[in-house]
Every structure is written in structure tokens, then in C-alpha cells.
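Coming up is one lone chain in C-alpha cells, specifically the form predicted alone.
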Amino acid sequence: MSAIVANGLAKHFPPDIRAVDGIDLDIPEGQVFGFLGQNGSGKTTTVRMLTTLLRPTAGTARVAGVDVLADPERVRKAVGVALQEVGLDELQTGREQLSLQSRLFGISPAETRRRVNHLLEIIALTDAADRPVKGYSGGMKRRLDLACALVHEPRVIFLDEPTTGLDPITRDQVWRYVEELNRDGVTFFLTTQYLEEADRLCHDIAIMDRGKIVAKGSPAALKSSTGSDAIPVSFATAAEATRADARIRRFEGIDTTAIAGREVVAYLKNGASAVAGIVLALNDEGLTVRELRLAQATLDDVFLRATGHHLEVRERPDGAAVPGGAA
């Protein structure tokens, strides 16, 4: 049975912004489904439509078997949602926040105490449970916000950029919890810019770009579609990269290439045997290589081929995520 189904789902904003431009989804129960894309690609708008926070311009969607337009209240009761903006009352304690969320779903006081204690232990906040949320670190707030989305034990959970800004240890804790819940049959719809996150957690992923799904499949299948090896070659200017791309395309054994700014990436079956020949061919063209690497194809390579730009995420010292890539 499908946990989430969408047909021709679209959201347009005046005057002519097509934030989501007619996408189709069919996500089975018990799957972790990843939605990859840069900021502005339509990921969050899709989540807001599927969780009834935005009304679609066109198309249909069913979540947990319920039509999002016909019965939005029932959808909201059936799902858990943790959006990018942490929605916590900072004057309450962590325990009070979880207890309130539980009671709003009509859960009895005794059962609320059981669930709250269990969740506080799972997210490692038992020691801080009775402190005001305003004193929590960013990672603690993120974990508490995730727990609030889980307190009513939904079978479908939407996580919008759940680990952005978290330190590596906290991020791994969140990943482990997602994996544990998924083993119990919980379905996740996960938006992310972290390629490692998608590769580790997701059974299938879809790549969004400018409101459309441009690639879809399992991480392994998508990576294998690029060829087994990738050779990124960077130059001083974008014009040189364009000339290099034309030359590399003629090189024997190349499956395909992708170009992004000052970098060209060649995909082929046996990269090690081709490196020297590619360097010589580019030298004959009068092109000076600034950097050349040999690597296995990654999800970033899949993203580059599908969209024409990278989906790399750097982090500033304050922990904020910054999309990056070739200029």
C-alpha cells in the first residue's frame, strides 16, 4: 500500500512563480523517501502541500490514504511534521512542550507520561527535561522538535531538513532514531541537502530542480547510471571548461560529461586508465588543468548531471549549512 501518492501536484504563486510544477509521487509504506534539491527548488512547498499547510494550485495528493483537500484535519492527525523552523515555546520546559503536544492529540494523562518519558530518553534530553527550552542549544531544540512530531506515534512522518545546523554527533543520533523507527514500519518523507544523509537513510530519492522532479530511483541505481568512475577537472575560467567539455566528449570510453561553471566531470567505466590520456588531450588543446581527481560517482554527480549544478553543502563555523559548488 502507498503511504503518499501525488498526481500532477502543483503550486504557483503570482505573478508567474511555479514553485512546484506538476509532480508525481508514489511512496510505499515503510519507506524512507528522500527529496533532494537546493533552496528554492520546491522541496518545502511540496511538504507544505502534502501536510495541508498549503492548498495546491492543481493536482491531487493522498497521505496515509486520506485526500489532503477533502479531509485535511484527518491528514494532520495521521502525520508527524518537523519543519525547518523549529516551532517551540521557549518559556516551557521540554517535558511541558511534549506533554502539551500529546494532550492536544487527545492522549490520556497516563499514556502521555509514558510517551514523554520514553521520547526524552530516546532523544537524550532526560537530564534537561525540566529546564526552559530557551536555555537549550540548537541541537537540543532540534531533537525536541523532532520528538514533538513523534509523540502521537504517527505512521507517516515529514522531516524538512531535519539535521541542518546540527553537529556531526547530534546528526548521527537523529539518523539512528530515524532508522530505528523505520525498522518498526514508520514511513519518512525527508527533504535534505546532505548527500550522506540521503545515501545512508533513503530507500529511494527524487531530485527536485525548479519545481520539477528531474531524477528518481534508489541511491545505488542513480549512482550506477552515471558510470562507475567520475573524473572532475577544473580550470581557471568557465570558457576553458566549455572548451574542455567539447574535447573530453570526443575521448574514447567516455559515457557522458557534465559541466558546472569552471569544472567538467567525465563519467566512464575505467577512470584510472583514462586519466593520463585526458590530460594529454587537454594539453594538446592548449588548456591548463588546475585540478583533476579520480573518484567513484556519488549522488552529487547524479545531481550535477540532472540539474547542471552541484548539491554540495558546506558548513559555516556557526553550523549553518551553505550550498556550494563550482562557480
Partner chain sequence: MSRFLTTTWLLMARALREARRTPANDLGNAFIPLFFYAVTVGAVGGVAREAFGVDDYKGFQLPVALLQGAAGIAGGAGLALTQDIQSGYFEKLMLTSTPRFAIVLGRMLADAVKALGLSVLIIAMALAFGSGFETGPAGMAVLLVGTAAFARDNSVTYLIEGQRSLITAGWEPAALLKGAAAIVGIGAFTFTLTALALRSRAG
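Residue numbers count along the first chain shown, from 1. Computed from a predicted model, the values in this text were never measured in an experiment.
The same protein also exists as the form predicted together with its partner chain; that form is not shown, yet it is the one meant from here on.
Novice: For the chain seen here without its partner, which of 142-150, 191-199, 216-224, 173-181 has a heavy atom within 4.5 Å of its partner chain in the predicted bound form?
Specialist: Selected range: 142-150.
Novice: Check Arg48, Arg55 and Leu104: does every one of them have a heavy atom within 4.5 Å of its partner chain in the predicted bound form?
Specialist: Yes, all three are in contact.
Novice: Does Asp245 reach its partner chain in the predicted bound form, with heavy atoms at most 4.5 Å apart?
Specialist: Asp245 lies outside the contact set for its partner chain.
Novice: Taking the shortest heavy atom distance, is Pro232 within 4.5 Å of its partner chain in the predicted bound form?
Specialist: No, Pro232 is distant from the partner.
Novice: Could you tell me if Gln92 has a non-hydrogen atom within 4.5 Å of its partner chain in the predicted bound form?
Specialist: Flag for Gln92 set to yes.
Novice: Whether Gly138 contacts its partner chain in the predicted bound form should be assessed with a 4.5 Å heavy atom distance threshold; does it?
Specialist: Judged by the heavy-atom cut-off of 4.5 Å, Gly138 is well away from its partner chain in the predicted bound form.
Novice: Only one of Ala238, Leu125, Ile254, Leu100 comes within 4.5 Å of its partner chain in the predicted bound form by heavy atoms, so just point that one out.
Specialist: By the 4.5 Å criterion, the partner-contacting residue is Leu100.
Novice: Which residue, His203, Lys212, Arg155, Arg76, has a heavy atom that falls within 4.5 Å of its partner chain in the predicted bound form?
Specialist: By the 4.5 Å criterion, the partner-contacting residue is Arg76.
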